[in-house]
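Two forms, one protein chain; structure tokens for each follow separately as structure 1 and structure 2.
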Structure 1
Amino acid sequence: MIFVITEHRDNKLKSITSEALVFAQRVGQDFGQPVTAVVLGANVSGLADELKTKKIDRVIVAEHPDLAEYSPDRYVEALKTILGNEKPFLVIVGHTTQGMDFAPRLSVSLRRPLIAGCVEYEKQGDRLILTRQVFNAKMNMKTGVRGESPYFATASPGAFQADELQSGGNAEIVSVAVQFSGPVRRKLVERVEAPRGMVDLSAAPIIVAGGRGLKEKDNFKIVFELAEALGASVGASRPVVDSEWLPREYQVGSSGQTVSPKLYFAVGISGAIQHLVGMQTSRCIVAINKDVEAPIFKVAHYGIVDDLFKVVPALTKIFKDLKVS
């Protein structure tokens, strides 16, 4: 049995849930294992009905007022009860700020393996080999889980394609009663949108984004110059913002803005998953990076493998000349 712990907010399933289900459907087919989706929450029958239409075998719903908001204590306690009754082979969770907030606790409390940030898997005989990313996605690592199941895995966002989710099932919905005895140590006070600032990249047709490869704040002017020559907006990776070269509002990525311009330049940006999820749907992506192995080249359409301090001014010059002529 393969379990997927679904993630949802405001009564909507998050896209990572579909990705985790694709992972589960594929492993399920290869290992001949049925797939169960688990929904924890309060008043979530609508989500169960939606999951029921996917090609899976079962939906387990555990409803409780304490589960209305996510809390690691409640999730761990509820999942220990549910998994304890079932003996799954693999339990898949999203590699998100929520998934990575409780999955490691579950792994320790059950003393079972957790392979986090999975992007692929293999079947070697009866053994499940899970491939995860290491060194900021520059390398991958194949791991063989030890001991008995359940094994826990978190699915890296974007690694499994949500649109490959097979539907056409008629899964059975099973309600499970959960009771809690432990404390809820961590309590939600409020959840708010981070201040947006003045930079809205969502409608920009062209974005020139710079990363840590620019080395220091003053060098960022070559990014602005290229942007100006192109009539483009400027964006940045997170370290640029963390180092206070630019305000937070310029950040593109999972904890910044999500953009999808017709043309995106990634200058001195390695292409960590948290950056990619914010820009990979751009129509045309150009990567300028001196490291040919940088993961940004996975999503780029055109790449120049060279020193950005040479390439960027050269581009700026061409665009300036084009404008003049």
Structure 2
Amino acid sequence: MIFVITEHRDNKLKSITSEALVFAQRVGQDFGQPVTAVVLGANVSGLADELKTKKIDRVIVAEHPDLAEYSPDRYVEALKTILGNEKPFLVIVGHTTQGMDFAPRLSVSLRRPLIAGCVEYEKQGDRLILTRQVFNAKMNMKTGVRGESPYFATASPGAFQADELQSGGNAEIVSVAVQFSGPVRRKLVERVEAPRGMVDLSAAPIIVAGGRGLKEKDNFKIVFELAEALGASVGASRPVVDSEWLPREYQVGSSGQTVSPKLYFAVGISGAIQHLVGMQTSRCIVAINKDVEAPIFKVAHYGIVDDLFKVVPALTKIFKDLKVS
């Protein structure tokens, strides 16, 4: 069995759950293993009903008042009970802040290996080989799992495309009872959302990102204008954030957000490896830069070598005209 530990917020599944399920479906097909989604929470029957329509075999639901808000202690305790009864082959968790909070605790408590930040896998005979990127994605490292299962893996955001998730299933929903002992050592005190328009770039379908090629803060308005014409979100490279042109919430890269939109515009971004790590899995990358040698062109699907101050307003006008027509 392959288990996917789902991630949700405000009774909505996060995109990383779909990506992890794609990972699970592929491994399950290659290794002949059924796929099970695990939902922890309170009043999450709606999420279970949504998941049962995917091409998976089961949905395990564990509901308890203590699971209404995420708690690493409660997640680990609940999952140890579930995994102890089920004994799966592979457990997949999203490589997110939440996933990397509880997954290492869980794997250590069960004395099982964890391979973090997986971007691919392969089958060598009956052996599972997991690939993760190291040194800011300059190298791939392949790791063979061994010993007694379950094995734990976190799926790197953007490595598996959410829109490739197979549907058309009618999975069985199984409810399990969980009990907890001892106090919760960490409680949610307050949740502070990022200002509107800056929220969760990782889920944005279209992103227009600007770099220091824009020269100064006031020039960033052309990026916002293009984004508005496209119905897109706005991102930025680290130099932009370091120069305080935009808040940290906009940053894309190894020290910012990892994104994988359907369309990514890189405006005046040279393409330092730290930035590429955060956006190179985008489905379509359009780079606009007057430097033909800029590293961004190595990952771009389409490149425009010209002055961005001419190109971006022209593109904005085209997209606005298309909306009108």
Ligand SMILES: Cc1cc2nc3c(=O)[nH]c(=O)nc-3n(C[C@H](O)[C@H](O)[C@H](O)COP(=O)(O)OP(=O)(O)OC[C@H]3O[C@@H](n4cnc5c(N)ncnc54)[C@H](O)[C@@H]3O)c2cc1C
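Only the largest set of C-alpha atoms that superpose within 1.5 Å between the two forms is called the rigid core. Please read these numbers as outputs of a predicted model, since none were measured by experiment. Structure 1's sequence is the ruler for residue numbers, which start at 1.
Annotation: structure 1 represents the form predicted in complex with this ligand, while structure 2 represents the other form. Here Lys317 counts as shifted, since its C-alpha moves by at least 2 Å between the two structures after the core is aligned. Taking 2 Å as the criterion, Glu164 does not count as shifted between the two structures: its C-alpha moves by less than this amount when the rigid core is aligned.
If you fit the rigid core between the two structures, you'll see the Cα of Phe297 move by 2 angstroms or more.
The two forms line up on their rigid core, and Gln251 then has its Cα shifted by 2.9 Å between the two structures.
Superposed on the rigid core, the forms differ at Val208: its CA is offset by 9.3 Å between the two structures.
On a core-based overlay, Arg238 has a Cα shift of 4.2 Å between the two structures.
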